[in-house]
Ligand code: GCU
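This document starts with one chain, in the form predicted alone, laid out as structure tokens.
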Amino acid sequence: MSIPIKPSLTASILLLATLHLVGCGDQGTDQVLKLGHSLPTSHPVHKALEQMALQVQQASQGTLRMDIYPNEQLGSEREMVEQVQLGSLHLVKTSASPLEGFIPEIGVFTVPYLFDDAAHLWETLEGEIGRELLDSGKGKGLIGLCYYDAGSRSFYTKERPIDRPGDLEGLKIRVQNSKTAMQMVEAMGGAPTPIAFGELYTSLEQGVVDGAENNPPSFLSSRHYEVCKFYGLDEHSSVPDVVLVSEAAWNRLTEAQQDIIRQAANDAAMFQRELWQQETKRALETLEAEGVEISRPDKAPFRASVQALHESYRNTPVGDLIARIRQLRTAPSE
């Protein structure tokens, strides 16, 4: 069951504004679908969403249009998910982490050290489990369209490298608004601090937090490397991004329109994965050139530090998903 939500001021304003848009049920007329996300326009995610918008417009012969609002223009990821749930925003690209407050089962992706490697991750996402989780928001106002690659998240800090879990002791670490992410940092000895992504640069600069965790392209594009000069690639979690559509808006589309959007979403997702691999390599090279000290710590102590967290999911829906994902485990890539 989704958690109760209170419409934010932003959501209420958007809800009123939506009344002035052409309704999604008016077949044969131009329709505008608004999509929000939290990342800059230089990010691979934004470029993929632009391709999706272009394909939707071309395939619909201009009767469907997607307007994209990057950089948290419409609120934080959690706020935008709430707006999609309410129907005042049509689509959102969000990390899976904030979604566990709306769809508890999807919190499985935030469990640290769940996947062996990228092959294991995509075997899960592209298979039965991944499809089930995209569909699990139905009836809660949310329909999942596809997954985007968000790589692996690692810690970056201002004053010292994180080469073992004990290095987090005494540090305030920004995390997404995710219960599991907070439990993970606590298990490793740090103090988790949820902060909206758009507020993080200033929070790092002013010492509100001592560090954060994210993937290389996001660390680079956010320019957090200007403040944090230590990046330890512990790769504690591989949390995918998800593109969601409002169930209310979706149900007002024709079947043909739904097919256009699904196909465009899937094609853009494959494009985004290609961009992601290129951007990850470039990001790490650029970060080193900018003076960031990049380390590759032994992951074994980090894995050991979160075993109790894994065990805490026994006999729960998330625990059942963990067991199913473990059964899919592939041999580590050579």
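From a predicted model like this one, the values you see are computed outputs, not experimental measurements. Numbering starts at 1 and follows the sequence shown.
FYI, the form predicted in complex with the ligand isn't displayed, but the following is about it.
Chemist: So in the predicted bound form, does L33 come within 4.5 Å of the ligand, heavy atom to heavy atom?
Modeler: No, L33 sits far enough from the ligand in the predicted bound form that none of its heavy atoms falls within 4.5 Å.
Chemist: Contact with the ligand in the predicted bound form for K93, defined as at least one heavy atom pair within 4.5 Å: yes or no?
Modeler: So K93 counts as contacting the ligand.
Chemist: If we define contact as a non-hydrogen atom of the residue within 4.5 angstroms of the partner, is Q176 a contact of the ligand in the predicted bound form?
Modeler: Residue-level check for Q176: yes, a contact with the ligand.
Chemist: In the predicted bound form, does F230 come within 4.5 Å of the ligand, counting heavy atoms only?
Modeler: Looking in the predicted bound form, residue contacts with the ligand do not include F230, since no heavy atom lies within 4.5 Å.
Chemist: When the ligand is placed as it is in the predicted bound form, which of 244-252, 114-122, 184-192, 214-222 ends up with heavy atoms within 4.5 Å of it?
Modeler: In short, 214-222.
Chemist: Name the single residue among V56, L39, A48, V306 that comes within 4.5 Å of the ligand in the predicted bound form, judging by heavy atoms.
Modeler: Flagged contact: L39.
Chemist: Taking heavy atoms and a 4.5 Å limit, what residues of 62-80 are near the ligand in the predicted bound form?
Modeler: Going through 62-80 in order - heavy atoms within 4.5 Å of the ligand in the predicted bound form - there is one hit, E77.
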